[in-house]
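Quick heads-up: the structure tokens below are two forms of one chain, split into structure 1 and structure 2.
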Structure 1
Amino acid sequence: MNAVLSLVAVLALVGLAVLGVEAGGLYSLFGVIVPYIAIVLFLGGLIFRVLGWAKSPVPFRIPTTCGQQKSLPWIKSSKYDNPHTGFGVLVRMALEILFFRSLFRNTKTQIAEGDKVTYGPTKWLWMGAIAFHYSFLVIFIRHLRFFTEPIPFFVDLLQTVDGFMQVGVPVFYMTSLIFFGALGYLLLRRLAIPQVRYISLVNDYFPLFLLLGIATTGILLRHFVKTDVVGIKELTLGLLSFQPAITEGIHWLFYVHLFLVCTLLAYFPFSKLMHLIGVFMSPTRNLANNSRMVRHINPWNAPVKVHTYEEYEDDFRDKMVAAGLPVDKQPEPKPAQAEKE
């Protein structure tokens, strides 16, 4: 049901764009106004969300991430899984962001041989995620050819590597295929595994269908429903130099592609896709586990008037000594007495 709803939502978006452009002729709406709104919503929403996160206090250094915490010198600690230094945190964050370490550690619980519970590693989700995210990154960077003039060298380089197989004209990019395959896997996974389907919501399916729609329209535009690419770049350059002008004769499918991308951008800050930023801001990952070495004070604690034992003893030392109670620090001998002796 959730999946169907999401699919219908994406198809409705497609229909909206087709109707708007083909029937309504609203080119400047779909080609100029919507993209501007989308990017403003994206950046504004994103900053708003990040500031919101930044304002929430982090109550604890969470000491139970994984691996052995740094404690006594003769106990081996996990330097990177449970880092206590800034450098360790840097490594852990890099592993997390670049290699999805937490996902890599994913295990699967199974009941084997009738009654035995077993835990085994499962790497499929990790592989799907890696394939999806990296191909998305490559596709994102590849698209800079429509957004920059002159085109930076790394975009050309990436295109050459991506189109290395030289299949077809224009060349079919490997990442197009990987992206599509990975998305398909991530979707099928949600649909096919009962437990995962049970916990999947509309906001899990919607981005998947949205991305599938973007990929489909993109591949169609590149390989099957070709249109005036130069005109498209003129449009984007106009947009980003704030002199928007609609170029005539661009196929409506391009506007569908653009509209879906705009939807993604506008939807982004208010969705689970914010893990793009969240991964940098998750306290279980980005804080050093040094609570044994440094005292972290809970930021919202009411100020407590502390009166330590040392202070107490300072206040009452003489009386304590007089009463014959043991004290940590002996009272200083009085200078006068010392002279007499």
Structure 2
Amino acid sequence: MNAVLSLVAVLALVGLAVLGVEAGGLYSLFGVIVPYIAIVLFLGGLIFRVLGWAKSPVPFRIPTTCGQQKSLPWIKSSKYDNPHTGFGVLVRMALEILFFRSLFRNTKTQIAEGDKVTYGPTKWLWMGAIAFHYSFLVIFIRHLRFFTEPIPFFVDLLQTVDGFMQVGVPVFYMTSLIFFGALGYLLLRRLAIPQVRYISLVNDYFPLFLLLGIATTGILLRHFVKTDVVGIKELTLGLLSFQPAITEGIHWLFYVHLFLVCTLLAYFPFSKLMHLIGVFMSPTRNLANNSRMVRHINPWNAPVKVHTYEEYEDDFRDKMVAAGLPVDKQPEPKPAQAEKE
């Protein structure tokens, strides 16, 4: 049901864009106003989430570890799985961000015959994640040709490498196929594995269907639909310079593609996709585990009025003596008793 609701939501977005552009002629709305709203929501939501994380107190070291902590000199520590220096944290973060090391080392739990619990690798999930993220990065860089003039040299170089097989005219980029295949695998995995399907929510399926919609419309625009590429670039450059102009000759499918991209931008800061930024600010990743070498005091502790034992005994010394409780300081004798003595 969650998958169906997500698919219906994406199809509704596509239908809304088609009706708005084809039937309503709302080119300015979907080509200018919606992109600006999406950018504002993206930047505003990004700042809001980052500031919220930055304000969250992290007084103690809570990194997740899977190795020996630095302790005695004769005990070998794990420098990167349990780093105790800034350099170790830097290496660990680089391995995590660039190669998804924790996902590579992840295992899956299964119950075999005879109710025996077994653990196995999940390398297919790691490969799918790597393929998806890196192909997405390459596609993002390739699209810089629509937002820059002149086009940076590395964009042309990347396009040449990406389309080195020279399949079709225009050239079919390998990352487009990899991106589409990786998304399909991640979606089918959620649908096919009962345990994963059980914990999957709408906000797990919706980004996958939305990205599939973006990929599908992008491939159709490049290989099957004739549109004015020069007009598209004029529109994108106009959006960046705050002088947008709608050009005739742009196919309506481009506005559907743009609307889905804007939806992704607006949805990004309020979704699980924020792990792209959150991984840099996660205290379970970016802290050195040096709690055995450095004493960490909580700087957010509110001042508390301390009532010491001496003060407590001063307040209740007579009652404690009357009850036969030991006291550090005997009570002062009363005046009448002192004269009698």
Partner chain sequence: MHDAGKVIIGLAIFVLLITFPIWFTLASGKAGHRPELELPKNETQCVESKEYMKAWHMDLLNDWRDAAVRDGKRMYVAEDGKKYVMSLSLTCLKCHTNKAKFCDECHNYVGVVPYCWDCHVDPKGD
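Residue numbering: sequential along structure 1, first residue numbered 1. Source: prediction; values computed, not measured. Think of the rigid core as the biggest set of C-alphas that the two forms share within 1.5 Å after superposition.
Source of structure 2: the form predicted on its own.
The Cα shift for Pro299 between structures 1 and 2, taken after rigid core superposition, is 2 angstroms or larger. Once the rigid core is used as the reference frame, the Cα position of Phe48 differs between structures 1 and 2 by less than 2 Å. Once both forms are overlaid on the rigid core, the distance between the two CA positions of Asp318 between structures 1 and 2 is 2 angstroms or more. On a core-based overlay, Val327 has a Cα shift of 22.1 Å between structures 1 and 2.
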